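Here you get one chain, nothing else, as structure tokens; it is the form predicted on its own.
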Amino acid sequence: MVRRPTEAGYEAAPNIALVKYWGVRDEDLGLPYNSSLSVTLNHLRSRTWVQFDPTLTEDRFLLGRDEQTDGPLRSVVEFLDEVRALGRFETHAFVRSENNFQTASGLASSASGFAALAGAASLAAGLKLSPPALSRLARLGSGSACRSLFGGFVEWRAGTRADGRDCFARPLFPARHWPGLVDLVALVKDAPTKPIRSAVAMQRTVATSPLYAQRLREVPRRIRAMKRAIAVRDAPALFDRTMEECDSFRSVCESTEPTLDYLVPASRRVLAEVRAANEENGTSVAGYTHDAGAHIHVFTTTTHSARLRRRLGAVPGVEKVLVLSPGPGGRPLRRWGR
């Protein structure tokens, strides 16, 4: 029996996709056309506390210090409706959430945010969900949230079932598998917030990009190659495939009608700097990627990280460079903020 809903907290980290998902075959269930591969990051966290309160007449959502309305609130309410349906109750909730990094800037705040919301809301509702079931729940809020529940290297299997039962993420290798891998995140100045939600943008790409079908055919090969590279910690192979995948993702975005261009001049200068560093070394010492945002993730190893960090920090338009690495998955909070 499900116990009376109460309150609980959860924290989760954003992830950066080495192989992207972009486009869904079922918008209501969030079922992607292709599987994806990601790395959950350390240091960056979303923390969420959910309190089901029978005295409330409607759901409330506080992000940071700001009470949310319209689209952000609606997304949370729709997600809570899924939790209430699973728990068979109707109590409204007060949701508090905070990120220790910029929201809606291409650092996957929706992934960590909805992963944290899934964990907190399911615990507060008294639901005892298996990891696949919790991943399927998180997917309903934001597709990539299903990956942020797990640490290290994660694969999200697209599945084939119409009901989405076989569509969930699973951990491949823990964060400690590759201790020498570093993610240098070049934060560009005045990075714009996304003018259109990714859920809408990706479906526009599916409908209009002439390159999309070819990309779908290439993705399974890239995933297999990356899994092999990660398994044996082959940095040059991983970096080459990561850049190949990122360029493919950017091409389908830019060939969308109207075009989707998430980068600013500083972003493109970072990409060029990584290519130059690889050419100078005669092998790939780094590999870039980015999601639907202007900041650039540059994967490298500890051998080259200090030098490359200084180089990226000197690129005009780069505000600072974060030093991250593979990190842990989500976890319950004992109390707000802890």
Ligand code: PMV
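Predicted model, so just to flag it, every value in this text is computed and none were measured. For every residue, the number given is its place in the sequence shown, counted from 1.
The protein also exists as the form predicted in complex with this ligand; that form is not presented, and the subsequent description refers to it.
Chemist: Which is the contacting stretch out of 80-88, 227-235, 183-191, 137-145, given heavy atoms within 4.5 Å of this ligand in the model of the complex?
Modeler: Every other range fails; the passing one is 137-145.
Chemist: Spell out, yes or no, whether the shortest heavy atom distance between Ala169 and this ligand in the model of the complex is within 4.5 Å.
Modeler: Residue-level check for Ala169: no, no contact with this ligand.
Chemist: Does at least one non-hydrogen atom of Met202 fall within 4.5 angstroms of this ligand in the model of the complex?
Modeler: Looking in the model of the complex, residue contacts with this ligand include Met202, since a heavy atom lies within 4.5 Å.
Chemist: Can you work out whether Asp291 and this ligand are in contact in the model of the complex, taking contact to mean some heavy atom pair no more than 4.5 Å apart?
Modeler: The answer is yes: Asp291 has a heavy atom within 4.5 Å of this ligand.
Chemist: Under a 4.5 Å heavy atom criterion, is Tyr10 part of the interface with this ligand in the model of the complex?
Modeler: Flag for Tyr10 set to no.
Chemist: By the heavy atom within 4.5 Å rule, which residue out of Ser198, Asn99, Thr208, Ser75 makes contact with this ligand in the model of the complex?
Modeler: Selected option: Ser198.
Chemist: So this ligand isn't shown here. In the model of the complex, which residue out of Ser122, Ser267, Ser110, Thr256 has a non-hydrogen atom within 4.5 Å of it?
Modeler: Result of the distance check: Ser110.
Chemist: Where, within 246-283, is there a heavy atom within 4.5 Å of this ligand in the model of the complex? Residue list please.
Modeler: Result: Phe249 alone.
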